[in-house]
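Presented below, as structure tokens, is a lone chain in the form predicted on its own.
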Amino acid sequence: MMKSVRVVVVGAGVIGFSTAVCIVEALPFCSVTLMADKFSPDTTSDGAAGILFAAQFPDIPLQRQKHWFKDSFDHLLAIAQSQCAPEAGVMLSSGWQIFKEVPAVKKPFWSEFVIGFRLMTDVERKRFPDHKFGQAFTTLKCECSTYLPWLEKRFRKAGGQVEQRKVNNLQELSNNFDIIVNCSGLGSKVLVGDTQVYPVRGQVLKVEAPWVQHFIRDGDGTTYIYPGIRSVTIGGTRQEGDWRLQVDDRDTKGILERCSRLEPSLNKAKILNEWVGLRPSRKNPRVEREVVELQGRPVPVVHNYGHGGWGVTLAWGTALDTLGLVKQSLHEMAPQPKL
């Protein structure tokens, strides 16, 4: 059978590749091309610590956010428990989230999906005298510098095409594709003129500290220690509207000081590298479809971007949602029988 419907996915970060894999594996009659100007190791996703837990978005039904989290967690847990785990860069990770003040919500919506969520005991909290409250749980860590090439291999094996090129506007895609899937993250500011997407600058260090076995995250989201497969990621910064991609030495100093207060042994750790990325932030992620008039014909455009610092956490869940929106578009494009 001819592969009749041509789908293009724009963006090669964790959202783009997850979405492309979902589409190509579920819809074998579509020819799927992934197009981007940057690929691993040069995407925003590559520097992400990739630890799974989430913030709550204000205007998306909680049930939908729960689905996104659970679908992603289940997908990555299956990988972590398979023989693919090391080549996919996925592992289980246990640790603590600690708070200087008791938070309004003690059990976040995602607590039912991670493993063994509980509140920390007073004895456990003694290590962190500046913090009044904490949560202990086991979650997943997905390292994109390994996971993205693994997803790309999986995408190509299922028949997906990959093309490296910068997409400047949707018009230039409309002659060659029937459905456009936009996973361009911060690129959506220019690509689809979305003024609501903005950068939140994040700087992290990778250090050599194999003795650190548990993650520690301050609930304010600015200080965290995430042990990985080959190194420990420590951070960080959350600088809204800041487009600087250069490493800032003051940030490096601040990160080392704050993280060493939580884990003094990090003073002895060797710094392997410093990294900066811009989180593609938005009040709410945009996972929806529209029909856009391109060169005189209506073209379905499905959007999946604006996940901020939660891209790895939500990638597979929002990819499955996006697949559903692509299926709806296919259904509407199908020639209706004449009665």
Partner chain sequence: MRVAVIGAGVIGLSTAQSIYEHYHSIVSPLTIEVYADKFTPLTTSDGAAGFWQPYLYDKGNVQETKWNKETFDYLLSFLKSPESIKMGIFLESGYNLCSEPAPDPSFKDSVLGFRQLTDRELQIFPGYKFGWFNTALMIEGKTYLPWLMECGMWSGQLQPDPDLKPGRGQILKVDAPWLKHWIITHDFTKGTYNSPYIIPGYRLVTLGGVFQMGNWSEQNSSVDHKEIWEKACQLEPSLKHARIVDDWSGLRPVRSKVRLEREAIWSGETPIEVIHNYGHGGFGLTIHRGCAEEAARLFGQIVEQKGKGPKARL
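Numbering follows the first chain given and starts at 1. Since this is a predicted model, take the numbers as computed values, not measurements.
Same protein, other form: the form predicted in complex with the partner chain, not shown, and the subject of what follows.
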message = What I'd like checked is whether Phe73, Ser82 and His214 together line the partner chain in the predicted bound form, meaning each has a non-hydrogen atom within 4.5 Å of it.
response = yes
remark   = Contact with the partner chain in the predicted bound form, heavy atom within 4.5 Å, among Ile229, Val190, Val102, Leu245 goes to Ile229
note = The one option of Lys268, Lys107, Lys157, Lys132 with any heavy atom within 4.5 Å of the partner chain in the predicted bound form is Lys268
request  = Please run the contact check for Phe177 against the partner chain in the predicted bound form: heavy atoms, 4.5 angstroms, yes or no?
outcome  = no
query = With the partner left out of view, is Pro210 within 4.5 angstroms of the partner chain in the predicted bound form by any non-hydrogen atom?
reply = yes
query = Can you check whether Glu257 is within 4.5 Å of the partner chain in the predicted bound form, heavy atom basis?
reply = no
ask   = Taking 4.5 angstroms as the cut-off for heavy atoms, does Asp220 touch the partner chain in the predicted bound form?
value = no
Contact segment among 180-188, 92-100, 195-203, 246-254, judged by heavy atoms lying within 4.5 Å of the partner chain in the predicted bound form = 92-100
query = Considering only 123-153, what residues come within 4.5 Å of the partner chain in the predicted bound form, judged by heavy atoms?
reply = Val123, Glu124, Arg127, Thr138
